[in-house]
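Provided below as C-alpha cells are two forms of one protein chain, presented individually as structure 1 and structure 2.
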Structure 1
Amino acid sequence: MSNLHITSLDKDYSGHQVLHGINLNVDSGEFVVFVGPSGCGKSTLLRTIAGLEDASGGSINIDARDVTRVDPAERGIAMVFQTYALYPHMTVEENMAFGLEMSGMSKAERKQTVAQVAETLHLSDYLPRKPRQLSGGQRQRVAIGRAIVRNPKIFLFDEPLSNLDAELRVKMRMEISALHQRLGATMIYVTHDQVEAMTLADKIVVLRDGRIEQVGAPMDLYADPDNAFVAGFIGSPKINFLQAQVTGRSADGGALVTVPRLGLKNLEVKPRGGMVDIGATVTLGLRPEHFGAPGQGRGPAVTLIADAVENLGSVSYAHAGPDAEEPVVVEVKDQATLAPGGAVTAEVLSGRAFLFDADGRRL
C-alpha cells in the first residue's frame, strides 16, 4: 500500500509533446481510473509511472521517494498489459515465478508463493500449462497473478479486459474489484469502458490531449463536471448539448435561459457559482435522464417527436430530430408503447442541468 505523487510531469517523443504538466495524487489503497479519448496519453502516463518511458520533465514520487529516474523493477510496481504479455515459452507457474526469481527468492519459497496466489485466482489446475493452452480469461488471470505474487506497492492495468467478451469482462471486472478490496492495494487502471470506470474507481482521472481535465469520484464527475468535455465523456448515453441564451436571473441566483431547440423560455438552471451575464450565449448540458415522467410538476414539459427509439427493456431512449445531426436523447421509463414517429412528453428537470460557456467551461 503506497501513495503516488506526480508533479508537473511532461513527456515528449522527439519534440512531439504527449503529456503536459500532469499533477496527480493517488492515495494509499485508492483505485484510480484513467479515461479519455483514444490517443490522449493514458497509456503513456501509465507507462511513465511504470518507468517503461522516461519522463521528459517533472517528477514521480512513490511513498515520498523520488523514483523519476529509478529503474522500473525498483519502483515496486507491477503492470498488467492489455495483450497479457505472458512469456509464451514458460508454463503458468514459471510465468508467475519469473519476477520472484529475479528478486532472488529461493525456489521453494517461489513455489509456495505462486501456489498460494494461484489458489486464490483458481489457477491451481493450470500451473503446468503453457499460455497458449489457456482461454482468454485464464490468461488474464495469470497476468494478474504474475502481478500479485510480487506484492507490489502499486498495480498498473492498461485496458486489461478489452480483449475479453462482454460476459467475461463483467466477471473479471468483479474479480478485480474483489481483489482490490482484499489486497487493499493502490491500483491505477486505464480503460475505454464507461461502466468499468464508474464501477471500479474511487477516483476517475479524465484526460484530453495530454492534460488532466478533471479528477474526482465517479458520481462527482457525473453530477458535477468541470467542463463540457468531462460532461460529454462521462455518462451513457451521451449528454445533450443545446444552444441557449441567458435572458434573466431568478431570485435565488439561478439563470433563466431560452432553449430554442426545446421551445422553452425562462428555464431555470443553477450555475455552479457566481453570476451569469444576461444576454450571453451558453450551452445547456442536459442528460437524457434529466427528462422526467410528465405530470409530476418537477419542471416545464416538452413534447418531442421520437425519430428513433432504443428499447432497453427497463428504459427506452427516444432520439428526437428534427435535424437529426445531433438528436436530443430523452430517457423514457415505463412507456412500452413508444414507437418511432410517436410523440414523447417529458418534464425537463433543469435543476440538475449544467451550463457551459462558449469555451466549454462550467458556469
Structure 2
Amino acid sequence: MSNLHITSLDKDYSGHQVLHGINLNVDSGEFVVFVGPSGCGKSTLLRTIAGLEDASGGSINIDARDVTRVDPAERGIAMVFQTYALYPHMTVEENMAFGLEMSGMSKAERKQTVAQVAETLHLSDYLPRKPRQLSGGQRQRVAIGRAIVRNPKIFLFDEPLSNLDAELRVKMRMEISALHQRLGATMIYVTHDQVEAMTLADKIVVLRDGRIEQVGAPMDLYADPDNAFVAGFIGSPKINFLQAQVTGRSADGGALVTVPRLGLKNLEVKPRGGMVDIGATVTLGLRPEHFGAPGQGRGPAVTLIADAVENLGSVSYAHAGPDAEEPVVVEVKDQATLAPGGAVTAEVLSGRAFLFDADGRRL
C-alpha cells in the first residue's frame, strides 16, 4: 500500500489550462473516486498521475518519492482503462501474464502468480479461453487481473464500467469494492456516475473545470456540501434549488426566508455559519427526502400537484410544479396509488435544508 501527494499540479495543452493548482493527499489503502461532469479534468488528472500526460507544473509524490518526471513504467502504478484492451489472439492466462513476461519473470513464477490472482477474481475456469469467449464483466475482470499481477503501489481505474449494461455495472461495483477490501490496496477511480462514487469511495474528489470543488467522505459531501455545484452533483434524485429571500432572523440565529415556489413565508433555515443579511436573495437547497410525511409537526406543510410520478416500490418521487424543466421533486412513502394530477402534502424539514448565495457558495 502506498500514499500519493499532489502539490499545485497544473496541466495545459497549447496554452489552454486544463488542471489548475490541484492539491490532494491520498492515504495508503484509501479508495478515492474522482467525479465530475464531462470535461472537468478527472481523466486528465488520472493520466497525469500515471505519467501518460506530462505535468505543466507542480509535483506528484508516491511514498515521498517525486515521480513528476519519472517514466510511467517506473512509477509502480497499474491502470485499468474504459476499454478492456485485451490481446484478442491470447488466452486469458496469456493476457494476464504478458506484463510479467516482459519484466523477465520466469514461466513457473508467472503461472503461479496468474493462478493466484485468477482464483481471487473467480477466473480460474476461464484461463484457457480467448477474450471473444467471455462476457463483458469477465473481460473487465481479466483487465483488472492483469493490473493485480503486477503488484502495483497504486491502482488507477479510468471509468472501467462505462461499457457494461446497468445490471452488470451494479455487480462489478460490488466486486471491485470487495476486491479493495481483500487487497487493502490504494485505488483511485474515475467516473462521471455519482452513484458509483457514493457506493465505492472512502473519499470523493469533486472536480469542475479543472479545479477541486470539495474533498470528503461520501456522506459528508451529501450532508454538508461546500457549494451548490457539489450539492447538485451528489445525490439522486437531484436536489431541489428554489429561489428565496431572507426576511428576518429567528431568536437562535436562523434565517427566516420566503420561498415563493412553495408558498412559504418565514421558513426558518439554519445557516452553516454566521448571519445572513436580511433582504438578500438566496437559493434554498432541499433534497427530495427533506420533505416529510404530514402530521408529524416537524415543519410547515405544503401541498403540490404531481405532474409526474416515479413509483419505485418502497418509495415514490413526485415531480411537481409548472416548470417542466426544473420541477420540485418530493420523496413520498407509502403512497403507491399516487398518480399524475394527484395532490402531495408534505412537511418541509427546513432543519436539513441548505442556503447558497448568488454565486453558489454555501451560507
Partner chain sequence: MRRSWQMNILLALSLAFLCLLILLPFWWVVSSSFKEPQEIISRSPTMVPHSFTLQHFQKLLSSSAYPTYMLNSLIVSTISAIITLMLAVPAAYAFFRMHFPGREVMYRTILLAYAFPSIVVLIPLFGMFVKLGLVDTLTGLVIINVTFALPFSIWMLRSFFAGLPKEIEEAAVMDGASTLVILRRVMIPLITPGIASVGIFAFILSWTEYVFTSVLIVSDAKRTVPVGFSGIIGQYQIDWGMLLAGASFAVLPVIILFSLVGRWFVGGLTEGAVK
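So that the term is clear: the rigid core is the largest set of C-alpha atoms that superpose within 1.5 Å between two forms. Residue positions are counted from 1 along structure 1's sequence. Just so it is clear, the model here is predicted, and its values are computed rather than measured.
One of the two isolated chains is the form predicted in complex with the partner chain, namely structure 1. With a cut-off of 2 Å and the rigid core superposed, Ser103 has a Cα displacement that reaches or exceeds the cut-off between structure 1 and structure 2. Shown in the overlay between structure 1 and structure 2, fitted on the rigid core, is a CA shift at Pro128 of 2 Å or greater.
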